[in-house]
Ligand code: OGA
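A single chain comes next, written as structure tokens; it is the form predicted alone.
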Amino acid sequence: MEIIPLRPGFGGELRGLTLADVAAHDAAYQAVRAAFEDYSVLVFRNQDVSNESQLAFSRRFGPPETTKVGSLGTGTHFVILTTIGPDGKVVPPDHRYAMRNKANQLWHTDSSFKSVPALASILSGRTIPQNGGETEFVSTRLAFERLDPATRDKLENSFAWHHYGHSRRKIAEGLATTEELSALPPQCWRMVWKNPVNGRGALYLASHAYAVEGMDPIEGEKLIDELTVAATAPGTSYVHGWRAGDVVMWDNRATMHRGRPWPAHEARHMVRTTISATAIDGVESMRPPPRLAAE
């Protein structure tokens, strides 16, 4: 396996193996898992990807999430991100499919609003627009390391609240349904996730984060916004331009990402699997004290 660095400090294109290799062979899995811990974003080109091969690859890294209520793919292990309606045509810009894709253009980390957060996401491009539609990544590990020591120490002992409805309200009232809001109550997580393999900390932020425990609500949201702006400063991102056969995997503990716009008339169909974080991924250290968890 060969790794081609994509950005200083994070992101790597993996050459010389396939998703099927990783699913079938322990040595291939171990090599990719080590690269995942180091690079945070992994790109696989020229893959012959299907739902079955993507899921088999995904299961190597941990238990796959079941897609939440209200999403395309509900009840399966697949999140369907598409602008193609049931009639096979591209939906209009005010359609719920298009509005949810617009919400994904906010900087976020997947599943921070769930009771079990995500370790990794694996996204495959099935129908790719001719223009636009890139996925942009930043390293929240490098962003954390850019902060001054006093701020790092403070954030390591701070907790933020995350809620699915918060990010969706930034796009449109009612975008998150009553059913979704009922199933996804606010979650509280430590603001720095330390990788148990290499000990490096990363900011744990998202457009879903709306408050910092113990801070005035306005000041807490201001702090979240300031940290997000710093983490996503110009020149710090990797922008993935999709090609047919691409699969991208990223570490939700150490990155934020967002989709980029594309012409409204062009179709886009992507399939994501998401891996739940477990104790070996450091999730237990992220949980708040019992008092906060019960609020």
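Sequential numbering from 1, following the sequence displayed. Source: prediction; values computed, not measured.
This protein has a second form, the form predicted together with N-oxalylglycine (OGA), left out of what is shown; the following refers to that one.
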Any idea which of 146-154, 102-110, 85-93, 211-219 reaches within 4.5 Å of N-oxalylglycine (OGA) in the predicted complex, heavy atoms considered? 102-110
Consider the chain as shown here, without its partner, and state which of L81, C188, L142, L223 has a heavy atom within 4.5 Å of N-oxalylglycine (OGA) in the predicted complex. L81
Contact residue in the predicted complex, from L123, V192, A206, A118 (heavy atom within 4.5 Å of N-oxalylglycine (OGA)): L123
4.5 Å heavy atom contact with N-oxalylglycine (OGA) in the predicted complex for all of F57, P63 and K68: no
Using a 4.5 angstroms cut-off on non-hydrogen atoms, would T135 count as touching N-oxalylglycine (OGA) in the predicted complex? yes
Would R253 sit within 4.5 Å of N-oxalylglycine (OGA) in the predicted complex, counting heavy atoms only? no
is_contact(R272, N-oxalylglycine (OGA)) in the predicted complex, heavy atom dist at most 4.5 Å: yes
